[in-house]
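First comes one chain, alone, set out as structure tokens in the form predicted on its own.
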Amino acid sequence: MNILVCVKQVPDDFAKVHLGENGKPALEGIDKVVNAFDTYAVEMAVRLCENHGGRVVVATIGAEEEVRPSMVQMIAVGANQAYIFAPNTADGDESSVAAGLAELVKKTEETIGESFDLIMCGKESTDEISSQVGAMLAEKLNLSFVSSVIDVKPAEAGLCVKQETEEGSASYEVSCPAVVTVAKPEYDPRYPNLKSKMAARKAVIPYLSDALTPVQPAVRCMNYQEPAKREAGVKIQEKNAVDAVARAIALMADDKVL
């Protein structure tokens, strides 16, 4: 089975981001990492190929030197090959990103001389959190699609995929090729060992500088706003539990919460 995982590099979500003087998020000095849900997708793809055979290809859109470390990391944890595509738009919306990824899929298939049976993405990116790109990609490729997948297994008709739902999970059978977006499965991504890290650093990662057709975004972000600061709370200093509860109830009554 040939699997392509579309990977995005994002600002480290453990870092606190504020707006700069230009009104946009100030990302200078913040480390860039592979989007968390994309790392789950890569781990799921690697496990699927380890258990049932096949190869895993990862691809991303971005500046070569900026995103190469992320691609090296994905090879170190089990991907067989990586590709980097130059951006097709300076400030893309979800639709233009999906259009670029659709071209990326076809160009990668042309490069390796084989078609992909499964295309995977994280269910959302930790910077935009729109959960739209995977579905749009499936529509542009005219392929079957399942979101928030937490498990994939081969089936007689193609693949059996388990989808995370609010009530638990649901299982679907889809034909190949298909597109799925991946939520957090029951396991975590593996850590690379020293040998795999050294081998990944030597990997040849092609950079395709003019493979994607330039696209103008249909939707533009007008501005950003930081969330309102939380007001200072009231500290209840009564030492006796009964008095503390009475004080809390009185405060809530005054604020007409009760």
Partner chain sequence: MGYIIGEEAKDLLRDVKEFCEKEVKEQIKEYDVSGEWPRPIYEQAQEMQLHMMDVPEEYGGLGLDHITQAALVEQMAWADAGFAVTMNGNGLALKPVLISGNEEQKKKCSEMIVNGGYGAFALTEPDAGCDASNGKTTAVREGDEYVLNGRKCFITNASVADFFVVTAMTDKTKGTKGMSAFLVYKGTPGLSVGNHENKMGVRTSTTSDLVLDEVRIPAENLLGEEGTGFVTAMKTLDLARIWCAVIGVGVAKRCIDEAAAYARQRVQFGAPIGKNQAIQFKMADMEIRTEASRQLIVHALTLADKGLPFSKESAEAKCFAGDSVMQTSIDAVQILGGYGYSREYPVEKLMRDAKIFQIFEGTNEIQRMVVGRSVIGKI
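Positions refer to the first chain, counted from 1. As the structure is a prediction and not an experimental result, all values here were calculated from the model.
There is another form of this protein, the form predicted in complex with its partner chain, and it is not shown here; the text below is about that form.
Practice problem: Tell me whether F14, P192 and R201, taken together, all sit within 4.5 Å of its partner chain in the model of the complex, counting heavy atoms only. | Solution: Yes.
Quiz prompt | is_contact(K197, its partner chain) in the model of the complex, heavy atom dist at most 4.5 Å | solution = Yes.
Quiz item: Does any heavy atom of Q73 come within 4.5 Å of a heavy atom of its partner chain in the model of the complex?
Solution: It does: once its partner chain is placed as it appears in the model of the complex, Q73 has a heavy atom within 4.5 Å of it.
Quiz prompt | Among 128 to 136, 184 to 192, 146 to 154, 115 to 123, the region lying within 4.5 Å of its partner chain in the model of the complex by heavy atom distance | solution = Contact-bearing stretch, as computed: 184 to 192.
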